[in-house]
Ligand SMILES: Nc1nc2c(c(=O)[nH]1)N[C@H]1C(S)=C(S)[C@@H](COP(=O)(O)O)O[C@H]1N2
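Shown next as C-alpha cells: one chain only, the form predicted on its own.
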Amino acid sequence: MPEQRKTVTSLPENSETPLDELRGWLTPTRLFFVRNHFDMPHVSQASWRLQVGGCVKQPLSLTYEDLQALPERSVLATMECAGNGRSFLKNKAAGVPWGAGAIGHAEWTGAPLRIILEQANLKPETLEIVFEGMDEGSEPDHLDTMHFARSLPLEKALDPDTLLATRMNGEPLEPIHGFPVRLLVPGWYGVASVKWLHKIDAVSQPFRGYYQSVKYTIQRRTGTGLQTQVVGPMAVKSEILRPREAEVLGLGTNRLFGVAWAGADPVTRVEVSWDGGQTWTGADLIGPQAPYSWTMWEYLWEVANPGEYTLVVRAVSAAGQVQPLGHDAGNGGYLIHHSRPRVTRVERSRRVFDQRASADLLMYDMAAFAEENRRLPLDVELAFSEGEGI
C-alpha cells in the first residue's frame, strides 16, 4: 500500500506528512501535510479574481491568467503548522492534536507579491497587508461566519521571497493546497500562507482579525507585564526519524537520522545526546543547508552496553538560536519546538554494523522523488484529493 498522509481530523481534514516514510529532501505533494480551519471552497478558475484594494492608489482585479503572465520566482521552503507537536505537551492545549508531522518541504513557484503591491501603488500610510482566503466558517467562540484572514507587516510583504504561489513541486497547486493561488511566506509558520487567496487589502492600522488576535497568539513577559504577540517566524527545531518509536537497537554501530530546520535561517549544527541531555556530540549534516529549508542529519552511535538510553537532539541556527529542552508556557499550544527525549532500548542479543549514508544516494532519492511527483498526471493528483479538504 502506498504511503499516505496520516489523518488527524476528518471534517475539516487535517492530516500529517508521514515523516517515517521520508526518503529525500523534498516532500512529495501527495504526502505534504494539510491544515484546514473550514471546509475547502470549490473554486472556478474562469470566474476567480484576486481583488487588491484598501490603502492603494490603483485598485486591481486580477485573473488567473494575469498572475501567470507575471515574472515568477521559485523558493524552496519548509512549512510547519504553528501547533505541530501539540499532542506531546504535558499540559494539554486546545486545538488540533498534531503529532510531529504537520510539516513538509517543497518548491513553491509564483509571482513575488511585491510586484502586485507596486502595481497597486501603496499609499504612504500603509502599515500592514491583509490576506483573505475563500474558505469560510465559524468557531465555537465566534459563531458569525468569517473568512480565514491574516496580515503581514509591510516589510515582510515586500520581501522578494514572499510569493503569490500558483505551483508546488513543479505542478499547479492542488485544491487541497490552495488552488488557484496561495500566499507563500517562507520562514514563517504555515498560518501566514493563506490559501485560496481572493482578496488583498493594504491597511493603515494593525489587523485585529480572529486568527490574528484570538487564535495564533503567544505571551511574552516584558518590563510592563505580559504582552500578546502574533505567531510569525518559525523557531529552530529538530526531529529524530530513526530510531523510530519503540524500535529496539543492538550493540555496535547504530545510525541515528533525522531532520532539522530554523525558519528563515539555515541550520548550522545538530547535536545528539544519549544520556538525556547531560553530554552532547555533534552530528553530521547531509545535503543542502539553505535558508528556509530543513536539513538532514545523521550520527553513528557506538553502543557497547545494553540497556535503556534517553536520546535527545537539538539544532542550532545560523543566527545562534539553540533549540530549547523545554516548552515555553507562554507559547500555549503554539511554537512547540523543544527537544523531545526518546527512550530507546538496546539489546545484547542484537548486533548492528550501520554505516554512514551516502550523501549522493540521499540526493538521488531527493531528485527521484521530485521528478516522480512532477511526472504524476495532474488529474490523478486531483482525484486523490477531490472533496477531501485543504
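Note that the structure is predicted; figures quoted are calculated from it, not measured. The numbering used is simple: start at 1 and walk along the sequence shown.
Keep in mind the form predicted in complex with the ligand is missing from the figure; the text below concerns it.
Student: Is it true that 73, 117 and 156, all three, sit within 4.5 Å of the ligand in the predicted complex, judged by heavy atoms?
Tutor: No: no residue has a heavy atom within 4.5 Å of the partner.
Student: Would you kindly say which of 207, 148, 299, 274 lies with a heavy atom within 4.5 Å of the ligand in the predicted complex?
Tutor: Spelling it out, the residue with a heavy atom inside the cut-off is 148.
Student: Please pick, from 85, 133, 187, 110, the one residue with any non-hydrogen atom lying within 4.5 angstroms of the ligand in the predicted complex.
Tutor: The option sitting close enough to the partner is 133.
Student: Would residue 79 show up as a contact with the ligand in the predicted complex if we use heavy atoms at 4.5 Å?
Tutor: Heavy-atom contact with the ligand at 4.5 Å: present for residue 79.
Student: Would you classify residue 179 as touching the ligand in the predicted complex, given a 4.5 Å non-hydrogen atom cut-off?
Tutor: Residue 179: no, not in contact with the ligand in the predicted complex.
Student: Does the 4.5 Å heavy atom contact test between residue 34 and the ligand in the predicted complex come out positive?
Tutor: The answer is yes: residue 34 has a heavy atom within 4.5 Å of the ligand.
Student: Although the ligand is absent from this view, report whether residue 105 comes within 4.5 Å of it in the predicted complex, heavy atoms only.
Tutor: Contact with the ligand, no.
Student: The ligand isn't shown here, but in the predicted complex, which of 158 to 166, 237 to 245, 192 to 200, 284 to 292 has heavy atoms within 4.5 Å of it?
Tutor: In the other structure, the partner sits against 192 to 200.
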